[in-house]
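Single chain ahead, written as structure tokens, the form predicted on its own.
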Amino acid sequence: MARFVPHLVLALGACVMLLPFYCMGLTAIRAPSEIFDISLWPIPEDFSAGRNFAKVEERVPMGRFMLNGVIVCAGILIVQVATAVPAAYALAKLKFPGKALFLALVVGALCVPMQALALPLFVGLAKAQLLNTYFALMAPFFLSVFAIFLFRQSFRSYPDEIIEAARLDGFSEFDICWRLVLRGSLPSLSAFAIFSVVAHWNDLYWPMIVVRDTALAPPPLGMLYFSDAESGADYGALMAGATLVTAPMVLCFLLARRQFIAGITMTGVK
């Protein structure tokens, strides 16, 4: 019996975590008259899923918001990996003066919140006349100290003997970094990709500061357009839109869950 207790606790925790998503999906298929019904029965009396999801496209260009989210998340992730992987490889496998200082700076930078940098970044982008652009949405996140730290922890476990053998065979440090070490750390890459995409797909703070054009709004910012100062929010359509925004992230996690778990568990192994 004792061996089932941890599973029971985990199952209860999973139910608590999944309850908001369940309520979101349930509200998305309810009619306005049933929105504030506290019952959790899955089939409403007035099934309004079609109407609520249709309202999403009628009121806002949700397809455009989703495309903006894909462009921003993909652009950020590509540049983050391109900058973080060489830095992590250098900190993990190369010897150079000031290596410990650079690592300390990386760890220290993890403690700096985005909000502390928002004002100088906004002023810089405004003076460069880059507000209301995809670049403004992506630029502050091009360098990820979290990615550097995560990859560095993963790269440390890569055997030095293989790297030395590759050098003797004429491999450049660039080839060793990208063709050998990174290929051996694909679970960590998958884990970071999920972290990065989820964080920037759900980001509302920075887009609210730098974007005023509806055509550039990512999904979280686009969801604000459901609010009506006169009639209030249409909660059925709002939850339908939230379901559309959340579904890609859930699907990505389910498809890459094995690599995600492996990447998280392997980064601490030396």
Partner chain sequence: MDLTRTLTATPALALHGVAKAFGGTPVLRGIDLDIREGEFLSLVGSSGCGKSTLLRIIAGLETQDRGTLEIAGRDVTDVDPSDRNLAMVFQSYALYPHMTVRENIATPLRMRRLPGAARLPLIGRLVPNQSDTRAGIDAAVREAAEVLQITPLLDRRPAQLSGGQRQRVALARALVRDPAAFLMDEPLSNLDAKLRAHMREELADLHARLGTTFVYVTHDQVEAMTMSNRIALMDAGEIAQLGTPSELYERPANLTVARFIGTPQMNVLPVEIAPGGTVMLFGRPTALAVRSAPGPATLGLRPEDLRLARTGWPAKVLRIEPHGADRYLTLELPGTGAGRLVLRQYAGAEVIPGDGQVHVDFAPERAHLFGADERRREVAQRAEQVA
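No experiment lies behind these values; they were computed from the predicted model shown. Positions refer to the first chain, counted from 1.
What comes next is about the form predicted together with its partner chain, which is not displayed.
So if I measure heavy atom distances to its partner chain in the predicted complex, which of the stretches 73-81, 125-133, 188-196, 174-182 falls within 4.5 Å? Answer to the contact question: 174-182.
Whether residue 168 contacts its partner chain in the predicted complex should be assessed with a 4.5 Å heavy atom distance threshold; does it? Heavy-atom contact with its partner chain at 4.5 Å: present for residue 168.
Would residue 158 sit within 4.5 Å of its partner chain in the predicted complex, counting heavy atoms only? Contact with its partner chain, yes.
So, in the predicted complex, is residue 162 in contact with its partner chain at a 4.5 angstroms heavy atom limit? So residue 162 counts as contacting its partner chain.
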